[in-house]
Structure formats: structure tokens, C-alpha cells
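Shown next as C-alpha cells: one chain only, the form predicted alone.
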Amino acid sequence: MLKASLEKTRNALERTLDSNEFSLKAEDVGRIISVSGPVAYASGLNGVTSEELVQAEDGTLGIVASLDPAKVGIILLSTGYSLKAGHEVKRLGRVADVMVGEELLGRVIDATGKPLDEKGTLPHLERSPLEHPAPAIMERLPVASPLETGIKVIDALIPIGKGQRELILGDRQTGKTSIALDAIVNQKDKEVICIYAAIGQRESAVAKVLHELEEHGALAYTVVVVSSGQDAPGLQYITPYAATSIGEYFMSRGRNVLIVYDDLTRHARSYREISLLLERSPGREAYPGDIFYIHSRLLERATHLRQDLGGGSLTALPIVETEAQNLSAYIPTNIISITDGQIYLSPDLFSKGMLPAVDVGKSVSRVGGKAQKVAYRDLVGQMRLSYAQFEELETFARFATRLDDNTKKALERGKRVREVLRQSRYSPLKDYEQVAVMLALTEGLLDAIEVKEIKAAEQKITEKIFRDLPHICQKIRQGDKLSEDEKAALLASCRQAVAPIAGTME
């Protein structure tokens, strides 16, 4: 009886073993040799490839950055305080990637896809590599559609097009982030996805940005990718690439995307720290020789795709911090040469209360009027040059005892141009409002108005044209050219709007 019971048990075990398939899985495992802050060295990972993702036994993630016969250098994506020599590290079989998808809109994440807000975990999303080759020339369309910021001095004099790379640079505390946030806020109801990449920022500064985006209803169509100054340099280094991969997901589906890198100066410093610890040869200002390449391969991914590839666009607004107004420093000049223009913010203008503190003479858009609506081009063709000349003339006029009538007239017109270009934060103007104000300015309707009354005159103009000329407003919004009769009607409406204020000045 015992023999029969054993036979029955043996048969049951055989059936169980036959019904289950067992497979062997080989893992390439190495060991940590040393840890130097944000960088670790490991041995034994013989089959590993560059930029591959690895994981230590304590859960620390890293990216393989250097391959030597005896060891591999790993950029750690966390502080790695618990990581020690002798710990095991294994390959994950994939390159560094980030989650992408519609569910990221309105969320705050880090470069690994970890949620940083209090809105719960993210669903299982598609993953995309951090590094993508930039689209080939034949895959791109010309930049010909405007990306409106709502800021008069930019939309009129330094226009930005969808697919363009426009650098924002200036000293600390001159309003660089403010311009970028204004541009994001102005994309509301314009079907533009926005991505804000905070690189090495203070947590309090990021919290302020998030509050302002939410307060103005912009967070709903924005993805915020954050690496704070307390995070590992490796995480700061991959943040802009992760943000760009998220943007490319939407672009490949025919969407228009605006991405802000705030800022690439900190990004360069984090990469310098990593490179020095990886024992790479330092160059100018101790930056490695490939510092230009890491930014060029990032910004070259901004483009406007052909229609058969979806027709989407990715517009980049990188931010760079200068020191003592030195535009010829190493990192600023590198990125100036990569981008399609720059918006320079002057600390001198900022200290005088001229906000936004855009120095028109040192700012340029290499796309220019090609990405500007026709109504703008007809009005502001000479305004940029005349305003730059006014600033020079104003400087010399301080030393003159007597001025001729033409010079006085140019100075008075320039003061009104400067006042018109002054604009408060989060107060974007629609395109037809800007065109109407610029028309009144160029036609001399504001010359008889005191400078302190210019803002009141602007408000009267924008209210009247919206009320009386909705068909012309719609035509400007669509980018159509105005006929001579429509220009005359717009000018007459502006004249009627400012007449009461001008009359009180007489």
C-alpha cells in the first residue's frame, strides 16, 4: 500500500514537472570598483554598450558613459550614497529612456519618469529613448508659421517661428524665465503642447513656476520635467534629453510643441563635473571637448516636419545665463552658433524698469519676417532699426546743449516706442491688438500723447477695434494681408480711440 502511494505521488510530480516549462536566463553582472560622487566604475560588464542602462543591487540606476578594457564608467542617476565598492551591478538590456504619452500633460516628473506631484502614479506608458537622431534636412519644412508669445517686442521685432530655436540669454535676475513662461501662458487655446525642463533649479523656484502656470491655466497643456539643484548631476544631465523625447512623441503625431530649457548653463556645469570625474581631458574653462556636441545634438532635434511625416513642430527656447553681460563667454557663444537667433535681456534696461528688458540692438531672429504674419511685416519693417538708433541717439543727446527739431522729434517718437514695448508679466496681447497699436505708433497718432498716458491709449485702441472691427481682427488673426481700405478703417478707428486722450493734452 505504501508502494502504491509513493508511485501515485511520483506520477503526480512528473505530471506537474511536464506541465511547466523552465528556461535559463543569462545576466551580465559586474561589480562596483569605486564610487566618486555622481560617477561609479564597475568591472565584469563585458557585453555592455555605451548609453546602456544598468542597475545596482541597491536599486541605483546609471548610464554607461565610458568603455575601457578593464572597467566601465557609469553616470549615476541618484546620489548613490548607499552604493559601495563590491556591490553587484547588472545590465537592464535597454538604453536610457523616458515615459511618453498624453497622460503626462499636467504632470510634474523627473527625467526617469518618476512623478513628483501629488496626483498619483502614472499608468504604464510607452517608453522612448532619451537620444534620437535629429531629423534629416529632407525631412524638414521651412519655418514659416509664427509661434506667438503675446509679447509685443518679440512678436513685432524678434519673431519666433514654429520649429525655430531661439536663445534667451542675459545676466541673473533679468527676466529670462519670465519671457519663457509668458510664451507658455500665451499658448492657451492655440493647440500647442508646452514642456518646461527645469535643470538644476532651486526647488522653491520650481514651485513658484508651477504655481504661476497653474494660476494662469497653463499647466493643463504643459509637461514639467524637473531636476533640482540637490539632484545628482547625472539626472540634471539627462533632463533636457528626456524633455525633448517627450516633445518628439507629440511632434511625431502632428502636434506643435514648445519646449523651454531652463537653463543650459547649469546643464553644461553638471556635464563638466561628470566628465572630470570620468577622467576626460578638460579644455577651455575645464569643459570637455564635446561640450558643443551635447548641446548641438539636443537643439538640432527642434524642427518642423514634412506633412507626410505628420507635419508637427518642435520649437526650442533654450535659456543661458551670462556673467557681467559677457556674450562672448564660452557656453553662450557655443549655443548662439547653434540656435536661429537670440533674445538678449539687458540688466541696464531691467534696472531702469524697462520690462521686458529686451535689448533690441543685440537681439536677432534669423528666421525673421518669414515666420511673421503679413500685417506685422507691413507695419514694423523700419521700427527695429529706428528704435535701435533712438537708443544710441538718446545716449548722445544727454551731452548736447541744443538739439535741432528733427532730433527732438526722433527722441519723442522713440520714447513712445519704448513705452509701447513696455509690458507687464502675464498680460499677453493678441495679434490684432498688437498690429493696431503698432499702426497707431508708426502713423504718429501717439506723438501728441504724453508718455505716461500711452498705456491708457493702448487700452482704448484694443477695446475699440475689437468692438467695431471684428472682421479686420479676424483677418489679422488668420494671417491675411489687409487691403488699403481695411488699413484706412483700422487707422481711423485708432484715431477715434486716442482722440479724447490727445485732446486733453492740447
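Numbers follow the displayed sequence, beginning with 1. What you see is a predicted model, and the numbers here were worked out from it, not measured in a lab.
Keep in mind the form predicted together with a small molecule is missing from the figure; the text below concerns it.
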query	finding
Segment assignment from 169-177, 382-390, 156-164, 243-251: heavy atom within 4.5 Å of the small molecule in the predicted complex	169-177
Exercise: Pro233 in contact with the small molecule in the predicted complex, heavy atom 4.5 Å	no
Tyr376: touches the small molecule in the predicted complex, heavy atom cutoff 4.5 angstroms	no
Non-hydrogen atom contact Tyr221 with the small molecule in the predicted complex at 4.5 angstroms	no
Distance check, Leu355 to the small molecule in the predicted complex, heavy atom within 4.5 Å	yes
Position in contact with the small molecule when the complex is considered in the predicted complex, options Gln187, Ser228, Gln423, Ser128, heavy atoms within 4.5 Å	Gln423
Listed residue (Lys84, Arg306, Arg202, Lys415) with a non-hydrogen atom within 4.5 angstroms of the small molecule in the predicted complex	Arg202
Joint contact, Asp97, Arg269 and Tyr293 to the small molecule in the predicted complex, by non-hydrogen atom at 4.5 Å	no
